[in-house]
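Just one chain is shown here, as C-alpha cells, and it is the form predicted alone.
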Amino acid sequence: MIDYEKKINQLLHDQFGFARFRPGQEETIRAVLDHRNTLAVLPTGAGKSLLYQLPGYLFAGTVIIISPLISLMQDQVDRLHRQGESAVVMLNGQLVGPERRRVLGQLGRFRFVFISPEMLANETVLAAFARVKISLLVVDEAHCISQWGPDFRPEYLLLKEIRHRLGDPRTLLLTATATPAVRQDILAKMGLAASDVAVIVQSVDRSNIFLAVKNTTGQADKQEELLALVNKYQGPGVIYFASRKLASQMAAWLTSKTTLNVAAYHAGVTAVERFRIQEQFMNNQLQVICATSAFGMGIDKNDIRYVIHFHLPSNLENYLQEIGRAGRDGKQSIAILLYSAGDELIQRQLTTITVPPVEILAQVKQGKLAPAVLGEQADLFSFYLQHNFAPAQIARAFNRRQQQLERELQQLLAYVHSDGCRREYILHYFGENLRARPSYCCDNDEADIDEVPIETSLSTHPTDTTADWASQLRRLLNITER
C-alpha cells in the first residue's frame, strides 16, 4: 500500500481532475489496492466509477466491468474516452461476426472491458477472458444480483461460477442501495464469505432532497396535480411512470399544456432517439423527461431539481435509486410521490409471476413438452431447468420470491401512508438512524412543501440539434466498436 500513496493522489488530480476524494471513495480504493474483495454501498452521485477506474491505472491487466444496461456502458465508455483513455471496449449484442472475433482475440490490449452478465456467460466469450490477466472484476449496480437475478435476468446467478472459472479475481461490488439483508444476499450469491470482504457503507441519506407524498383521488386529479407541479418547478425534472405507453402519452400531454420541452424515455424508444434525448436533457434543451425505470442509470446530470413518481415503484430500493437522480449538485431538490388508492394493483400486476404447474415443468425438463407451453416467461423457467433445478424447487423458489415482492410493496405503502418523518422511515429501512434533520426534511415535518426553496432553471434552447447529436452518435459508435 505504501507504494501507492503518491500515485493515488497524483492520479486523482492528473487523470481525473479532482483535488480530493468524496466520502467512501478513498476507503474503497485502498481496500481494492490491498487485494481485498470489496462491497461498496455509496449513494447515487457519489462517484462510483472512480472506484474501479483509478485502480485500473495501477494494476497490470484488464478490468472487467459487468453492467446491466447498454446505455450505462456507453456512458462510461464515452467518459473514459473524454479522459483520453483509448484502451476501452464494450462487448454487447451489437458487436457481431468478425468484429466480435477481433475484439475477443485482442482482449488483453484493453484496460477496461464493459460487458453484460448475459454476454459474459457465453462460453466463447468466457473462454477468451480465461486467457487474459484480469486485474479486477467489477459488478456495477450489484443490487441487481439480488433483485434481478431471481426472476428477471437469471444470468446474474451465474456470476459466482463465472468468477471461479476466471480464477477468482479480486472483486469489487458497487451499488447505491442495499439493505443489510440485500448485502448478505449479494455476497452469498457471489460465493463470498462476509469475513473475507471489505464492506464500505455510506449513508443513503440525501439531506438536500425534500421528501413528499401527495394523495390524489384518481387519474384525472393526479394529472392535474402533476401539471401544477411541473409548471411550478419548471425543471430540469424527471417523472417516472410504470408503463411506456403512459410515459409517451403524458409527455405529449405536458407538451400541449405547458411551454416546456418534454420528451418520453423508455425501452420502446429507439437507441438513436434515446441518445438524442439524453444529450438534449444534459444540455438543458429539454426540461422534463417522462420515463420508465429504464432512465437514470448512467445519467450524471447534476442539476435535476425534482423527481416525481406518477406511479408507485416496486420497492423502497428502487425509489431511493430513482429519487437519487435529483440534486447531485448539493442544491435543494424535491422528490414527490403521487398516490391514489389502488395504485399498488399496478405494481402487483407488473411483478406477478405465473409459475407453471410442477407437472408441466417436469415434462418440459424430460423433453416431453416444448418450452413454449411455459408461457410468456418460458425463457426464464427454461433457464432454471437447463441449470439443473428440480421442478418442485423452481416452484418453491418463485413462490417465496412472490411473497418477498409483496413484502417489499407493503413496506413502500407504509412509507406512503406514514404520518411520521419520511426520512427516518427510509433510513430505518436501510439500517440507519437519522443523525441530523435538515431544514427541509419532509412533508410530515414542520416545513410545508410550498416553502421548499427550489431553484427553477427554465431553458428555451431550440431542440432541433440534429446535426450536433447525430455527429456525436456517430463518434460514439465508432469509438465503442473500434
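In this text the structure is predicted, and so the values were computed from the model without any measurement. Quick note: we count residues from 1 along the sequence shown, nothing fancier.
As for the form predicted in complex with a small molecule, it is not shown, yet the points below apply to it.
Shown without its partner, this chain lists Gly420, Gly61, Gly47, Gly431 as candidates; in the predicted complex, only Gly47 has a non-hydrogen atom within 4.5 angstroms of the small molecule. Between the options Lys232, Arg348, Arg79, Lys160, the residue in contact with the small molecule in the predicted complex by a heavy atom within 4.5 angstroms is Arg79.
Contact annotation: the small molecule lies within 4.5 Å of heavy atoms from the stretch 47-55 in the predicted complex, the single such stretch among 32-40, 47-55, 434-442, 63-71. Interface residue remark: Arg22 is counted as part of the site for the small molecule in the predicted complex, having a heavy atom within 4.5 Å.
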